[in-house]
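There is one chain below, alone, in structure tokens, taken in the form predicted on its own.
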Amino acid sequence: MPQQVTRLAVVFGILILALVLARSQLVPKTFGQAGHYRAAAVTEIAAAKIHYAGHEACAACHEDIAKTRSAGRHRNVACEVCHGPAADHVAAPTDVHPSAPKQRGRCPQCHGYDSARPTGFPQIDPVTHNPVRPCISCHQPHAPETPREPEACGACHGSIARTHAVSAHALIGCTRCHETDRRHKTTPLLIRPSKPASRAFCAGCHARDAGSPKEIPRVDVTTHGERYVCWQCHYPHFPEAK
């Protein structure tokens, strides 16, 4: 038998022996008894101390708050998301009291501006938006309607507003390009602003024969970009030529 084959056989033998030893020493004894997991984990989890009570337990005593919450924008946020585990409070309501999120930094965990969040999700800049004051001093947390409608688009679209502010379109108001129903300010996910649907809209300023100031970039809209709407190639909030 060639020497190379003998060496390979020794290596494979060592590997097989290592796998057998690892399985006997490292794999839990109950693994595979009830599926592809450690069966003893079910018993251990069932024996663990219960920390969360569930929103049904909260509603049993706090009916007025539960009714307000069920009709508000936080209706899908469980009570214990904001107030913490409440099982001990349910067991001894007069002795154990859940926490209230009165700290300034609590609400911005969800509502602090983050461009990754869905468009229309209520967001603020915690540094400039009523600084220092606790959020619950203006907003009722169980039905968190805004005290007044946002005055500017940047209240929700902070990233776009900051980009637009340093672009060539900085002096063009948002509603010049977007037709926006007033209801968008209160129901942003249901009522959406429009976008320019044709090349003729941008051509009003950028066509060669447009009556706009001469320093504005011009193109032949009959050939430039072919069939595409302008914003499909040019980012309108910072429309630098590519």
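Keep in mind it's a predicted model, so treat the numbers as computed, not measured. One-based numbering along the sequence shown.
Omitted here: the form predicted in complex with a small molecule. The next part is about that form.
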### Message
Can you tell me if residue 233 lies within 4.5 angstroms of the small molecule in the predicted bound form, counting non-hydrogen atoms only?
### Response
yes
#### Entry: Contact flag, residue 180 vs the small molecule in the predicted bound form, heavy atom cut 4.5 Å
yes
### Task
Answer for residue 38 alone: is it within 4.5 Å of the small molecule in the predicted bound form, judged on heavy atom distances?
no
### Query
Is the gap between residue 173 and the small molecule in the predicted bound form 4.5 Å or less for some heavy atom pair?
yes
